[in-house]
Structure formats: C-alpha cells, structure tokens
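Before any questions on how it binds or moves, here is one chain, the form predicted alone, in structure tokens.
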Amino acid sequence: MNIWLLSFESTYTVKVGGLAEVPPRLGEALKKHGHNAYVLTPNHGFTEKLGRDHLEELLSININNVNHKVYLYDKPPTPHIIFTGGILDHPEVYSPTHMMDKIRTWSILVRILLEKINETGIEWPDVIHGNDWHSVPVIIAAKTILEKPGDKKKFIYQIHLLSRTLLELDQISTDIGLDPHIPIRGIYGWKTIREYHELSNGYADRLGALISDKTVTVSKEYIKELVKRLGWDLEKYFDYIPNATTWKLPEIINSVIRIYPGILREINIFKPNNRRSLRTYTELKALGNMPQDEPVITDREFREFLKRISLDPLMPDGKTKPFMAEGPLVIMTGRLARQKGVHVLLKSIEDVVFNVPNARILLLLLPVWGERRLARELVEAVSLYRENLRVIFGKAKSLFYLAHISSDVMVIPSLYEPFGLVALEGMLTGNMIVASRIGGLAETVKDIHTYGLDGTGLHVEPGDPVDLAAKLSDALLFMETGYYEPWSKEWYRLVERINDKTLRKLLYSNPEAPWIIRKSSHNRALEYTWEKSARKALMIYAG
C-alpha cells in the first residue's frame, strides 16, 4: 500500500507544534508493517538551510512566472516530498499574512504532481491521509485527479486540533485551478465541490470530514467534542488513532550526559538523591549557563520584541538568570498560546507561591505568531515572582531533556487538548502530571483519586486557576515528601500541609508513594507506541 501523509509541518523539516511529530512517526511505523509512506509538506525555507545536494528533484513547475520545484528528501525514516518556490520558501509557517497563499500553492503543486507522477518514479497513492485543516484544499485537489467511479482510493482526514477556520468557495476551487462544479465523492455520494462547500457552511474541518471516507482524531474522548461541533451526521464516520512518543529514557539520559559530562557518576531518575542533585543543578547552574546560541528563536520579529520587553531576571537575548535557591520544580512545555492555558497558570501562581513558598516554576515555551500580549504578561510575571518563576522562549536544547528528568511535576493547564503529547513526555521521564480534565489528557493521565498508586497525576477543571493552584500546590508537596526520611519531622510537616485527603492517605499508608507514582507514570507512557498506532491506522485504511 502507498500512503501519502499531508502535513503543514514536520519534525524533519520545520517544526512548530505537536503536529510535526505525528505524520513522520506514523509513516515510519507504517513502513515497518511493509507499506510505503511519504510525508508531503511545504518547504517553509527548509531546503535553503539544508542545501539542494541532499535532495532529488522530482519536478520543476512554473506558476505565474514563479519557478517551483518538487523534491524528494529521503534522509528521514519516512521519505518527504517537499514543495518549494515562491511563497512556500517563506520561513514563517503559520503567518496569517502568507498561510492561505502557501496552502493554495501547495494544493496546485500536489495536483500537478499527481498529473505528472509517471515522470517522477513515485508510485500512485492508495491512501491520501490529510492532517488538520491546511490539508483540506489539497485533499480536494487530489480527489479531482485520483477519484474515478469504480477505482476507489481512500481519503482520510485527521483532526489534531479543531479549527474555526472558514474557507471561501474560491479557495477550494478556482484559486487552485478547479471548477467548483467538478463532482467529488463524499459521505453524501458524488456531489460538486460547490455542493459540499454549501453542506459544510464553509467550515474547513466539517468540509474535510464530509469529503473523506473516514475522519480520525487522536483520542476517543475528543471524538465527542468533534461530533458536537461538526455535526451528528458525521458521527459514524469518526475514529481515532492515538499519538505516541519516540522518547526513550536511556537516550534522554545519554543526551544529558553528553551536554553535561561529569554531572553525576550515574543518572538514575528514580533514585531520590540522584534526582534531587539533577534538580539542584538545573535550578542553580544550568539555567544560568545556556550556550551562546540558545535559546533559538526563529521568529526575527519576536526576537526584537523580546529585546524591548525583557525585565530582570529575563535578559534581552532570551537567556535567564538561575534561581537563587533550590526547591520543588514544576515544568511546562509547548507552544506559547492561550489554548495551552498559560494565562490560567499565571493566575494561579500567587496561590501556589503562598502554599509552597519555595516552589520553582520553569516554562519552556515556543513563541507563536500573534501571542505578543501573552508574552508580555509572562515577562512581567517573571519579574514579579523572580524567586519562583523562570521562562525560556524558544528552543533550549541544553535544558529541555535536563528539565524533564529533574522536575517533580509537569503542569498542562490546556483549555482544550485533543491528545497532549507533552503528557507522555512528562510521564516517561518520571513526573507526576497536573493536567486539565479534557480531551486526550482525560485518557492518558490517570487521576490518583481513581487509580491510587497506579495513577499518574491529578486532573483539574479547565480554565480554573483556583483548582489549578490547589492541585499543583498539593502535587508539589506530595512529591517533595519523597526526598525526606519517612516519619521525620520534616516529612510530617510537608504531609500536613497537603490539603488533598487522598494524597495524605496514600503517604501515610506508603511513604514511598511519590516514587511509585513516578514509576506508574513511566510505565503509562510506555503503553503508547507508534507501532500500535500504525496497526490502528491500517485497520482504518482497510475499512
């Protein structure tokens, strides 16, 4: 079977968010099952950094006097077909100024690639698997070439994050060189592009679902949200393919050792003294000693913005001063976006610091177009809570894995989260998780109130800073008891400061509970593999 995975970003070319991980990882697992898989993605300036010597040119196409090239990039485990030229070479992936032009050009080039596929050596796809709304015009363009009555190709549309994006009829027809009266096949049979657009009311995600054989998402829980938002007529066409993590604990530890040789004689994150030493090093040394080229902030405008708004302890180049003293560590990773609940966490910090004065909160966030106000709020909060809060904007390779194996708690206060890959990363590295009870997080994170020592964290109400502060404070105190001699005065003081009766009861019945929870978290993350996800995908493709 030949499978084309459409994705607007990829971890092997340009990565912004979690979407970048999924198509190439799924493709790699599908290949291990004996199938051919390609990731089809816009360039976003990647080939200029890579150099054309690493690419095989498949096609050269002139559109409106702009030369475009289609390349095969076969170095990643899943080969990539990369579309370059003109607006596709602009480095800003999700810039609202350029995004629709990129999608339009990408759609046109995919259609031409299919028309000229015999010239490329690439085989016809049996499955087109589009990811998120950016792929909807591309799917339509592909359907006009591939779909013939009696010769049915499979079209799968995957929603990683529900969008409210509206598409005009021209954007899915004349703009990409298609007559809106061309018939395509969808869940209501053969209808014109115009008719399916009318049935969707222009909503990109509903349109993608209407014209596909199956619409998948990343968790069973998120299907409920999609049906509610997109329409009950789609209910029987939904399924899910869970995400997974490629992280392996030995590789993470070896990476930390390479960056920090001599940090410890050995690293065992499930030994109390070992993990606490890592925490101390992270908070007091590593934070203040980032390499000269970190953090990496690819958005030039954000770099300039950061220079204007930086306040001590955050420096104009994005570096930060270390914490002044060691304490229980909570980390948050992901995109700088309100969807991720960053503003909810900010509202909770005052209560967290009141309950746990020595709490240390480290945010490792990737800047996103349009979140300047939120960035300013974060910088002001860091200055206000300079003993307790640090933020790194951009990629900090030297800190990322170290922070994961040093921390006690990972917080994920998302307002909505279809899956939440960061939860798997936090659990794999032995963290207790405090996460919103929503979407995939409600499935992957097992609440200790229900599962006891087999649990992996605590669920909080989405968007509720009071509940977040209470659960996060108790989680930090709970995990901190693991560093003290059971039944000692210091241990008792920590336990009695915990408000959650379930957590207190667990500690009194088994003082080793924090380290058992760390192991439960690690084991939970291991349950999610791309091999299992590929098997599920193949069942859907065959259905």
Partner chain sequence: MASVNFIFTIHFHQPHGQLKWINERIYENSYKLLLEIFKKYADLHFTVHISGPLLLYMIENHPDWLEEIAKLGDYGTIEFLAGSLGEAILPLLPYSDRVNQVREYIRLFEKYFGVKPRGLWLPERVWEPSLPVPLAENGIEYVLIDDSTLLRAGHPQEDAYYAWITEEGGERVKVFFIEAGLRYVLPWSSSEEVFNYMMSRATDKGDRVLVWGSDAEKFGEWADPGWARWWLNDFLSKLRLRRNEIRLVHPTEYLREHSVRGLIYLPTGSYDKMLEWSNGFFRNFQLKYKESNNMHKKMLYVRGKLVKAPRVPREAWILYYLAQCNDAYWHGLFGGIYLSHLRQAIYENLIKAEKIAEEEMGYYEKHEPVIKRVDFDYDGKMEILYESKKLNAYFKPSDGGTMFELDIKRDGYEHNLQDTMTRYPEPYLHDSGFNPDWYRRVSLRIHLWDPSTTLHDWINNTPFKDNSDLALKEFSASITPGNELIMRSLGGYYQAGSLISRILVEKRIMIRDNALSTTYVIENKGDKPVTTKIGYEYHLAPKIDRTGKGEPIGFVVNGEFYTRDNEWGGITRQVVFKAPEYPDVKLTTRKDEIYWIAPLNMLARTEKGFRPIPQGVAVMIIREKNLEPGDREELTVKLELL
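Keep in mind that what you see is a predicted model, and the values were worked out from it rather than measured. Positions refer to the first chain, counted from 1.
The form predicted in complex with its partner chain is left out here; the points below concern that form.
**Q** Quick one: from Trp232, Trp124, Phe354, Phe270, grab the residue that has a heavy atom within 4.5 Å of its partner chain in the predicted complex.
**A** None of the others qualify; the residue that does is Trp232.
**Q** Taking its partner chain in the predicted complex as the reference, which of Pro313, Gly334, Pro465, Gly430 has a non-hydrogen atom within 4.5 Å?
**A** If I apply the 4.5 Å criterion carefully, the residue I get is Pro465.
**Q** According to a 4.5 angstroms non-hydrogen atom cut-off, is Leu114 in contact with its partner chain in the predicted complex?
**A** Because no heavy atom of Leu114 falls inside 4.5 Å of its partner chain in the predicted complex, the answer is no.
**Q** Using 4.5 Å between non-hydrogen atoms, is Val227 touching its partner chain in the predicted complex?
**A** Yes, Val227 sits close enough to its partner chain in the predicted complex that at least one of its heavy atoms falls within 4.5 Å.
**Q** Look up in the predicted complex whether Lys347 has a non-hydrogen atom within 4.5 angstroms of its partner chain, and give yes or no.
**A** Answer yes; at least one heavy atom of Lys347 falls within 4.5 Å of its partner chain in the predicted complex.
**Q** Would you check, heavy atoms only and a 4.5 Å threshold, whether Arg372 touches its partner chain in the predicted complex?
**A** No, no contact at 4.5 Å.
**Q** Checking a candidate spot here: are Arg275, Glu326 and Arg504 all in contact with its partner chain in the predicted complex (at least one heavy atom each within 4.5 Å)?
**A** Negative, none of the three is within 4.5 Å.
**Q** In the predicted complex, which of 336-344, 398-406, 135-143, 295-303 comes within 4.5 Å of its partner chain (heavy atoms)?
**A** Comparing against its partner chain in the predicted complex, the contact stretch is 336-344.
**Q** Could you run down 153-167 and flag each residue that has a heavy atom within 4.5 Å of its partner chain in the predicted complex?
**A** Just Arg164.
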